[in-house]
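Encoded as structure tokens, the following chain is the form predicted on its own, with no partner shown.
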Amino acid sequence: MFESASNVAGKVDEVFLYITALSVAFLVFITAVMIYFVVKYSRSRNPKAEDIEGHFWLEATWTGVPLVLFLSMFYFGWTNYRYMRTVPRDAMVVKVLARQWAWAFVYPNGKQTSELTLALDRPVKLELESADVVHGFFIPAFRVKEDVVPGRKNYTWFSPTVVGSYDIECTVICGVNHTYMLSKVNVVPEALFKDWYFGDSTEPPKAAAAGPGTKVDPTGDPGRGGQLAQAKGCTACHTADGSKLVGPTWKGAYGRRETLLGRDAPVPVDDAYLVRAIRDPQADVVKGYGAVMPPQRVSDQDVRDLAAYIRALP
């Protein structure tokens, strides 16, 4: 399953997992009961057939239990759907125009881009329109999917919760070049977004940190990374022995799952997470710690070495 990178992703995952769990449980239960009855009431065990008159409570149970479970699925699905269709008043409105075979994004100030650029933790409403045929607007990491139908206006909204670059796909076969109808969502810190949005630059900022699934060069030098941690003052807030300071300890951090502020589910501390944490520390703040670490100006090699040092700690 994709990493959760929006405020609605966790809600969609919960409904999906709930329905999947119920389906698996009923599959196992019904299969087991079927096998039991096949064995118990086989012709060899019951050579003479008997009429069954019926059983009120049994019939009420097999009618009532599925009804309650179905209504529970409807309740969770409907309440989350209603949440996903109720747009906050402070959401920025971005128009999304779909055409064979590209996406265009128009911002309230008139700027237009081929990739969607958004501010971290700021709600956005996307107004979806098609210039030709039916398209499907889908951001897997955000769990956002809406049809884009010519002659009709549709919309969706969300708040991005993780700095990074994420895929936008078309889920409808919209012509011979359907597979090329791809774009990106670049989620950047709010200050960086405002500099571009209110500034004169027409080139939108790219995500300052690695997104989910990003492969990081593992050839960093742990020794140099340790020296950098000392030289840059990292060890004033982080320790390598498990003790706590202002920031979380690095001991055993790699591979651990951390709960972040504003996130529904824990995320793994992998290479992509380390890059985000080093380059833009305030993007992913571990729960229980304050967002006091400023953004760092470090080279790509410095990032690799620091990540290698943290990765090497037992």
Partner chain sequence: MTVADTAHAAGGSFLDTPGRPGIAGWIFSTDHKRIAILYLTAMLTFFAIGSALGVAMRLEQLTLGETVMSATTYNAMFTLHGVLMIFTFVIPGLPAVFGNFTLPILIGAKDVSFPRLNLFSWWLFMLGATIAVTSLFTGGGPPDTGWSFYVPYSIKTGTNVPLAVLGAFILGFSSILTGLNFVTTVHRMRAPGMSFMNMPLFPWALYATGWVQIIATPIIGITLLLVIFERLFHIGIFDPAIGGDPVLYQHLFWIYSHPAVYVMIIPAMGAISEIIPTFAHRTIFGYRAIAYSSLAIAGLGSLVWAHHMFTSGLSEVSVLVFSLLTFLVAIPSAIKVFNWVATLYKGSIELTASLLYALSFIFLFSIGGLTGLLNGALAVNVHIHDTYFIVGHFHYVMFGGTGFAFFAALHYWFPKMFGKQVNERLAKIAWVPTFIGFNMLYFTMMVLGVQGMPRRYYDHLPQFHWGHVFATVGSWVLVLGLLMMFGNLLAALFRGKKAPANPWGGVTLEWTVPSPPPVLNFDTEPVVNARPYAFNPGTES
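Positions refer to the first chain, counted from 1. Rigid core (definition): largest C-alpha set, two forms, superposition within 1.5 Å. What you are looking at is a predicted structure, and each value in this text was computed from that prediction instead of being measured.
FYI, the form predicted together with its partner chain isn't displayed, but the following is about it.
Comment: 151-159 is the region of 116-124, 151-159, 89-97, 191-199 lying near its partner chain in the predicted complex, near meaning a non-hydrogen atom within 4.5 Å. Only one of the listed residues (Thr179, Gln230, Ser243, Asn109) places a non-hydrogen atom within 4.5 angstroms of its partner chain in the predicted complex, and that residue is Thr179. Contact between Val12 and its partner chain in the predicted complex is found at the 4.5 Å heavy atom cutoff. Of the heavy atoms in Ala104, none are within 4.5 Å of its partner chain in the predicted complex. Proximity of Val185 to its partner chain in the predicted complex falls outside the 4.5 Å heavy atom cutoff.
Residue contact with its partner chain in the predicted complex: Pro266 places no heavy atom within 4.5 Å of it. Taking its partner chain as positioned in the predicted complex, the residues of 156-182 that bring a heavy atom within 4.5 Å of it are, in sequence order, Asp167, Glu169, Cys170, Thr171, Val172, Ile173, Cys174, Gly175, Val176, His178, Thr179, Tyr180, Leu182. Once both forms are overlaid on the rigid core, the distance between the two CA positions of Lys194 between this form and the one not shown is under 2 angstroms. A displacement of less than 2 angstroms separates the C-alpha positions of Val68 between this form and the one not shown, with the rigid core held in common. The two forms, fitted on the rigid core, differ between this form and the one not shown by less than 2 Å at the CA of Lys125.
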